[in-house]
Ligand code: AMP
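The chain below stands alone and is given in structure tokens; this is the form predicted alone.
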Amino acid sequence: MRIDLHTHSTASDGTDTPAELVRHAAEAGLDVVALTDHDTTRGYAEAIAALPEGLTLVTGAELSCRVDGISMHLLAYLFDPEEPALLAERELVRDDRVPRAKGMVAKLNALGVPVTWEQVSRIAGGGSVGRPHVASALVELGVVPSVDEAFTEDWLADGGRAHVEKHETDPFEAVRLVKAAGGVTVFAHPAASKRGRTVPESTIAELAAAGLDGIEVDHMDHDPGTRARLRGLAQELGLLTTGSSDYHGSRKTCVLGEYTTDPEVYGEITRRATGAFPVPGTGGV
């Protein structure tokens, strides 16, 4: 059983539509895929309508959080998407994305880069605009050779010359909100140091005590030594460990199913969730 619990569609910063994503997941030989767009659930209906027979969809989201000045992402699975408090917080984060992206465009213009808001908006399509869309604009203009190269201190990384902060949820509050909505929480790529400063293990321990369910261990941004260290930390703290591709379509080099989650861990996630249930495919449209 092959399970990938971290993917993105055009509902946020992926390049596959939700329908394309589930079809590609089936073609990649996955049995279970989670749709975890940034701070939004609006890709659910399209993904469910197109869900191929034999593929199960886990509904989720990747929530933007910040603790002690450090950005982090929290994967939330199988929560009630209409629960008012969590919905209001997601909308608050999403609504801040447009002025943030416009601020990055302004900073890039001041640095002599002729990027425009119209260009970034076109790249984002109808999705929740984010840094990867600005990064793609830099690639289009030939400023950087790849999206990853845009996430440096020269450009869009935390603290970079064109970086602009946005509203991000306190992770302890995020865990509380997701739990109240019947969901399960996993700390996404907790040791991805190339993205910027990472949360210390002491904070992960505090989050575990506050109800965090797991940490994403097997991920392209974690080398073998890091994965071993995180697995040991998870065992010490009683946390689940997941593996995921963090698939973004053509925007990143990772492929669906590059890393996967143990079926027993997936089973435990579904047992803990009360806000929603995995959706089995019936053939799609």
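Bear in mind that the values here come from a model prediction, so they are computed numbers and not experimental data. Note that residue numbering follows the sequence shown and begins at 1.
We do not show the form predicted in complex with this ligand, though everything after this point is about it.
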Give a yes or no for Phe151: in the model of the complex, does one of its heavy atoms lie within 4.5 Å of a heavy atom belonging to this ligand?
yes
Are any of the heavy atoms in His222 no more than 4.5 Å from a heavy atom of this ligand in the model of the complex?
no
In the model of the complex, is there a heavy atom of this ligand that lies within 4.5 Å of any heavy atom of Arg227, even though the partner is absent here?
no
Closest heavy atom of Pro132 to this ligand in the model of the complex, within 4.5 Å or not?
yes
Which of His167, Lys194, Arg161, Lys102 has a heavy atom within 4.5 Å of this ligand in the model of the complex?
Lys194
Only one of these stretches, 25 to 33, 244 to 252, 227 to 235, 43 to 51, has heavy atoms within 4.5 Å of this ligand in the model of the complex; which one is it?
244 to 252
Residues from 5 to 21 in contact with this ligand (non-hydrogen atom within 4.5 Å) in the model of the complex:
Asp13
